[in-house]
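Given next, in structure tokens, is a single chain: the form predicted alone.
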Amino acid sequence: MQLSKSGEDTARAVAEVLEATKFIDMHTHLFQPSLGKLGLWGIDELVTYHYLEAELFRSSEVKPEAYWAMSKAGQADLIWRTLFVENTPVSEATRGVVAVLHAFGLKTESESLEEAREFFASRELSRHIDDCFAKAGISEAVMTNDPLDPVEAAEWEKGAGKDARFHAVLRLDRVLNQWRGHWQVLEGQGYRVEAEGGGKTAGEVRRFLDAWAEKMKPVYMAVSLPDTFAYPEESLRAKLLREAVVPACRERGIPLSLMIGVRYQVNPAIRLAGDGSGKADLRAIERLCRDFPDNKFLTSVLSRENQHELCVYARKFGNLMPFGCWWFLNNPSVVEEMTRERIEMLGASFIPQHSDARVLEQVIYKWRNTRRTMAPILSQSYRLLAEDGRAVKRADMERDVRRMFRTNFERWTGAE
């Protein structure tokens, strides 16, 4: 069916296509049930999400040390009373909790969390995952799996079975960013590594990654990096990247995901909520893409100021895939700006978004927000194309949306 140039027709068709397409959530902090109790879900986890904790400290007199001394339920009750009862939940994070409650038919203006707690306590996890994914309009989620997390590693060693709803990712932060605190774990497992990275360290790290890749079958390897990240440089991180991580990814034909721009613990008192963001020097991406043309790189940058530069690099290097509006950028006003810029410069050759969900039910509101934000962006692009002489068919829209939210990821990672 060919659509007219009518803006109303185009907008309606785009919204329908976005609603009908099952997305792949290509970066989350969720876990498949076979990994035990690592996965977070339920109302207390939703309400104590670190975005809301940060907002609590701005909207109350409570001190972080008093908050951390409370039970999880006590923390949730305090946040609910402060941000949802005594204040209007208009922020992106608080509005998301409201959207989740509404999606399950729960009251959104209650004085307490009692009803919500009873509801979530009654849910069986695997069926609840199916329900959340259906409400979110996703078919699969990609986890973040750390082989140096002792709790998670133990679950994998028990033989975590494959779950078609989840893909594994081999996370490298403790290897690349926190080597001094974790090298002895590898040594204790029989790897001949050294604190300063000398001797056989790089080769042994490669062997460690290969062993865990065999166990996890990851669709990519990933690391978060500070705004000061540079490549090349004289550092152990650069050496391990060059001699262990990049070759392991290349041999397995999987991408390396670089998430750049974190300023760790600018306010340690508020723990997970205490990280900040900074503008990075993206010449590190330029060198990696140029020096390793047979490797594929997924890249997301945390600073708004780096977004245009990342698009420029993506136009220069076919082995670079920009993805997502990460963390502090995941707000509709910023998402709209970034996504329009990417479409104008890259067409449909990028991955617009991921949920970054840490709590299962967050996928519902995060993907609802993405569809709501994407609809006018795509509608305008198609209207402009029609005005310039090429009417857009519904099949074109279906192909574009599927490419951006499914097939770009599937082809890049081999997860087809």
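Remember, predicted model here, so these are calculated numbers, not experimental data. Throughout, we count residues from 1 along the sequence that is shown.
Separately, the form predicted together with ligand FIX exists; it is not shown, and the next lines address it.
Heavy atoms within 4.5 Å of ligand FIX in the predicted complex are found in one stretch of 23-31, 38-46, 58-66, 381-389, which is 23-31. Between the options L209, L320, M259, I343, the residue in contact with ligand FIX in the predicted complex by a heavy atom within 4.5 angstroms is M259. Taking Y231, W327, Y313, F104 one by one, only a single residue has any non-hydrogen atom within 4.5 Å of ligand FIX in the predicted complex, and it is W327. Interface residue remark: R368 is not counted as part of the site for ligand FIX in the predicted complex, having no heavy atom within 4.5 Å. Using a 4.5 angstroms limit between non-hydrogen atoms, T339 is distant from ligand FIX in the predicted complex. Proximity of E53 to ligand FIX in the predicted complex falls outside the 4.5 Å heavy atom cutoff. At a distance threshold of 4.5 angstroms between non-hydrogen atoms, R171 is in contact with ligand FIX in the predicted complex. Contacts between stretch 372-405 and ligand FIX, counted in the predicted complex as any heavy atom lying within 4.5 Å, involve no residue at all.
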